[in-house]
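The chain that follows stands alone, in the form predicted alone, written as structure tokens.
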């Protein structure tokens, strides 16, 4: 069968409770057409074994009529990635979608996500929650206009209620936003792996250990950064340059191929405000915002009131292109089902129709009838202002960055007749920020290698998944991401064999493969800094509480200083402190 993986709403609710049984439950589901259940001779709810060349594991079946027979859908997480081969085809992003798998009934029972990480060489961390290590600026209060540090929408209208030094209510946010702000399973102190368990250590010991690891490493990797603010990202780049390491961000596994396409043919983008106020045709291609960006449609597209659109809901046409009938497709005006891996062909067909060359097309293209393509192209051409929102359904399936390049070239064709833009649906709240800060400091957006003393960039060679699968990396810092939940099995197996330091407020799947976990303040709660929304608009994410832990920038500054000391370099003081002391990058108001 063909496997596709992606986000689900229930999986997203558990992002900050990954140690819970609910997270294991939601990420070990397999959505499958009832016809395939009948062919396998099993009932819904029974277990199946899914196998690839990498390995096999067990999932619980969920009947889903929105899938075509012969295809299955897995929520993204440690179960789907346990069987994922690490091949990226020189793009940095593996085949999270359109992957051929074997499916068979099984009597085996499912294991927990921690069990999978232990099998990969990790050690579970199942200590009881330690609570939230923050105190409020004052007594009980309500804070308005808070920015949400969850997805690329970075919604700026969140209202938080604070009582007894805790966030007790969250208004206006989606369920994913609520889950993050109300999470109470933060770590209080650093923990270090021992034989068969964990022990608490001081921040000083954790910083010294991290500096020792980085100085001793010959091929260190600093990965993640999409879940932290821009000021910390800048310090991370400085550390990578100082140690001659590689720094990579989450783009390499999701929208890195989009960036590769943009580097070839440009980016016809715009702000989300332009979409909200002007777009009368909105196209989601390979994206399911109801699951991944729950407020995107209500704030910026389908249900948003636009300045130039009276009664916007009736004046917008929403079209969804996808391999399955997603929640977003069910509320769209038009749904076009594309055969898995056929996006490039459909883009090409639409370009031919717009150029007046529909006679060269066959009766069907990637499962889409020629007549339907002609009808959809007329809707596109009839727009006064149209926009494409492209998702990882394009970047993680066959074609990868060439899919996005063809999408941009389709936008170019449409712009000969009307006005169109294209925006990648960025996932993490500051993943676009990583591309901005990395490019500002190095000239390259991700996968930057300093081993030769200058910045070098070559996805497929210097991207994290490729380096880990080739076992090049001999030390790793993980910050603002969770490769334990989202990297292929081979990568996690290697991480478990090398010194790996996780910097994160919460216990995550990567904790299992780490040798040290250092908790920090959480941006948007007790830390603040710069974020870039999915449309590249910079926003200042404020804190609502005073921290009792260092934020990412302060912790990384101390690590940077410790590395310089070990290298016998003079300590930076005063105005010469650059990113660590200048007003430009200071997080002080």
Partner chain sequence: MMQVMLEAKERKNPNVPIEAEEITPAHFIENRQDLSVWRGNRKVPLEEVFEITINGEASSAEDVEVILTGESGKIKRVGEYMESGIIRIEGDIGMHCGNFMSGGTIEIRGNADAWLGREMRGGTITCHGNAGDYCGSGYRGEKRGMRGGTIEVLGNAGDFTAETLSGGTIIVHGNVGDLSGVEMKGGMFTIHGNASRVCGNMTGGTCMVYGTVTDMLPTFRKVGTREGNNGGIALTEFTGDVANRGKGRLFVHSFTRA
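Residue numbers count along the first chain shown, from 1. In this text, all values refer to a predicted model and were calculated from it rather than measured experimentally.
Beyond the structure shown, there is the form predicted in complex with the partner chain, which is absent from this document and is the topic of what follows.
- The listed set 281, 291, 206, 366 contains one residue whose heavy atoms approach the partner chain in the predicted bound form to within 4.5 Å, identified as 366.
- The partner is absent here; in the predicted bound form, the one residue of 190, 286, 505, 220 having a heavy atom within 4.5 Å of the partner chain is 220.
- Residue heavy atoms within 4.5 Å of the partner chain in the predicted bound form occur in exactly one stretch of 75-83, 100-108, 429-437, 394-402, and that stretch is 394-402.
- In the predicted bound form, the partner chain stays beyond 4.5 Å of every heavy atom belonging to residue 181.
- By the criterion of a heavy atom within 4.5 Å, residue 381 is excluded from the residues contacting the partner chain in the predicted bound form.
- In the predicted bound form, at least one heavy atom of residue 470 sits within 4.5 Å of a heavy atom of the partner chain.
- The shortest heavy atom separation between residue 302 and the partner chain in the predicted bound form exceeds 4.5 Å.
- Each of 90, 264 and 348 places at least one heavy atom within 4.5 Å of the partner chain in the predicted bound form.
- Counting a residue when any of its non-hydrogen atoms is within 4.5 Å of the partner chain in the predicted bound form, the hits in 406-438 run 409, 413, 416.
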